[in-house]
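This document starts with one chain, in the form predicted on its own, laid out as structure tokens.
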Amino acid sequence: MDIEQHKIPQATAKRLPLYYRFINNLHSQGKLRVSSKELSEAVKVDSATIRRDFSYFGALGKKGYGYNVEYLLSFFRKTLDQDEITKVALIGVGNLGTAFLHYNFMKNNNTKIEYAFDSNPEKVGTEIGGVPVKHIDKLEDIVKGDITAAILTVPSAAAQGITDRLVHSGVSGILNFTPARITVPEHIRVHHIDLSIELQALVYFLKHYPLEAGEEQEE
């Protein structure tokens, strides 16, 4: 991002891609301006939070007018480095990994799964969703100096070993979909996403914190 990150809360930074996606859709529809209320209803974030998020970047809108869609799109594209492609590696071509390859992320933003890695001889040498599947033994040779981030969808027992190899290869960030809590040096960022925990949390909130009609959800 082309901004001073220390001034912006992490919660705000996490919402920026959400805003960008909606603004991009509005621009595609030919809309010229949007209010914070419209944004709020679309992205399910309250208007006050949106105005506070935007305030970190200066005057993005005008009172009584709202926000200029084209200007917002240009701003978020620059802020989120949308003109620069971030190459990603996916490690582990099981059911979840295969789903990611078919989806890939270039359809919506500036990230692209460039390579996938696995040890299954039936998958190595093939392409899934247009992404070549390489043997895991080739990981360091291919990743080093070319890949910024990795998606980890390997069995838990293999997670730390693969992580160590990714760190050694210069990867800066890891999206960890395994239940394992991997250990990395301080300069490496890891986001843990355990789908079973997220599902359990959802069920718990459904039972104990039912939403009333019109109630805002926490992001």
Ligand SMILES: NC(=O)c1ccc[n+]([C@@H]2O[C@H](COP(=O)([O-])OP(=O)(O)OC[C@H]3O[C@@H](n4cnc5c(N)ncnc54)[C@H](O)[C@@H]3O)[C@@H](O)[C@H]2O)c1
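What you see is a predicted model; the values in this text were computed from it and never measured. Don't overthink the numbering: it's just position in the shown sequence, from 1.
The same protein has a further form, the form predicted in complex with this ligand, not shown here; the description that follows concerns it.
**Q** When this ligand is placed as it is in the predicted complex, which of 183-191, 44-52, 153-161, 22-30 ends up with heavy atoms within 4.5 Å of it?
**A** Contact-bearing stretch, as computed: 153-161.
**Q** Please pick, from G66, G170, G173, P179, the one residue with any non-hydrogen atom lying within 4.5 angstroms of this ligand in the predicted complex.
**A** Residue within 4.5 Å of the partner: P179.
**Q** Since exactly one of T126, S119, T148, T79 fits, which has a heavy atom within 4.5 Å of this ligand in the predicted complex?
**A** By the 4.5 Å criterion, the partner-contacting residue is S119.
**Q** Does S196 reach this ligand in the predicted complex, with heavy atoms at most 4.5 Å apart?
**A** Looking in the predicted complex, residue contacts with this ligand include S196, since a heavy atom lies within 4.5 Å.
**Q** V143 near this ligand in the predicted complex, any heavy atom under 4.5 Å?
**A** No, V143 stays farther than 4.5 Å from this ligand in the predicted complex.
**Q** Even though this ligand is not shown here, does Y71 get within 4.5 Å of it in the predicted complex, heavy atoms only?
**A** Answer no; every heavy atom of Y71 is more than 4.5 Å from this ligand in the predicted complex.
**Q** In the predicted complex, does V131 come within 4.5 Å of this ligand, counting heavy atoms only?
**A** No.
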